[in-house]
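As structure tokens, one chain now follows by itself in the form predicted alone.
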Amino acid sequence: MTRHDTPLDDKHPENSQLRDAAPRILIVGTGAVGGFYGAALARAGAQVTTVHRSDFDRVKQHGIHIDSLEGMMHFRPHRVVNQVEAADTPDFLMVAMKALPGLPVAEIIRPAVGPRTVIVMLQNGLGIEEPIQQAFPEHEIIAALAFVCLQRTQPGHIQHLCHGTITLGRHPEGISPAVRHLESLFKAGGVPCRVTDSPARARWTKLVWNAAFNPVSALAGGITTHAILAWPEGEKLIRTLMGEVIAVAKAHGHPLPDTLIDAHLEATRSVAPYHTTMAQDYLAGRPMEIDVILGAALKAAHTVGLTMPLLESIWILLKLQERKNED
């Protein structure tokens, strides 16, 4: 297929041709999340290129195996590359890397960003779209939030523990034709997908869960979500942390429903015991997303004059642990 740089909006008459063509999608950061959703987009007919580092040779030769609730799946990307520079210019560039301090995401993806590439930010945390928008002011940015339980068990192998959903919205707000196009691809690939005109609100909703379960699971030695909730004091801790985040979200103009905490806990209990991403990183000795999850929440609280004493204490403990590991 020849490369196309057609913008995804209805102002252009060639838009209908693009919708009929196989969109070119580049996944940067093809771990558990990137591999799982890349496979879904490929099932929908997209030409999916994946970028790999440590598992490049294995994936290039064998593809990616997904042990899913629906059985074993095998995903062979359209192309497998070991650096962004080797990829063709995509219609959608999906960033699925861990959001770690000092990681120059804009410069990493820049070689593959074409004049009309839509950048999709499939990462945890708050404020991750702003630096990308500053680096690429003429490009559309889509916020993508995955509510799913996944883990990479070994190079080229992903375990899928619950279906979950993915939420999409144009940054900073709105629902564009590109968002709708990506929604249709996810749904065609078997992924429950919803769109929102307020992706910031959706990020706060996810942060309520992330800022509670992720750090507690890591500080408790890498335990599962069910192990936390099995002890009444563990559930109490989670509820208190969630309440602090909800208060900050409200102060920033994103009031969340009073039922959110119970909904998050019910959803967590309904799936198999799960090691959060921070617990997985802790057990593997990898850097954890402390700043983008906890640090961002604390910064948001300070800007509106609120305190989150429990969350700040947990952030300090995690940072002390991080400093110890760096010594």
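Position 1 is the first residue in the sequence shown; the rest follow in order. What you see is a predicted model, and the numbers here were worked out from it, not measured in a lab.
A second form of this protein, the form predicted in complex with another copy of the chain, is not displayed here; the remarks below concern that form.
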Next item on the list: From the candidate stretches 276-284, 30-38, 61-69, 261-269, select the single one in contact with another copy of the chain in the model of the complex, where contact means a heavy atom within 4.5 Å.
Entry: 276-284
Note to self: Between 97, 220, 84, 103, only one gets a heavy atom within 4.5 angstroms of another copy of the chain in the model of the complex; which residue is that?
What the structure shows: 220
Margin query: Taking a heavy atom within 4.5 Å as contact, would all three of 233, 315 and 323 count as contacting another copy of the chain in the model of the complex?
Written below: yes
Margin query: Residue-level question: is residue 310 within 4.5 Å of another copy of the chain in the model of the complex, judged on heavy atoms?
Written below: yes
Margin query: With a cut-off of 4.5 Å between heavy atoms, is residue 249 one of the residues that contacts another copy of the chain in the model of the complex?
Written below: no
Check: So in the model of the complex, does residue 227 come within 4.5 Å of another copy of the chain, heavy atom to heavy atom?
Finding: yes
Checklist line | another copy of the chain contact in the model of the complex: residue 216, any heavy atom under 4.5 Å | finding: yes
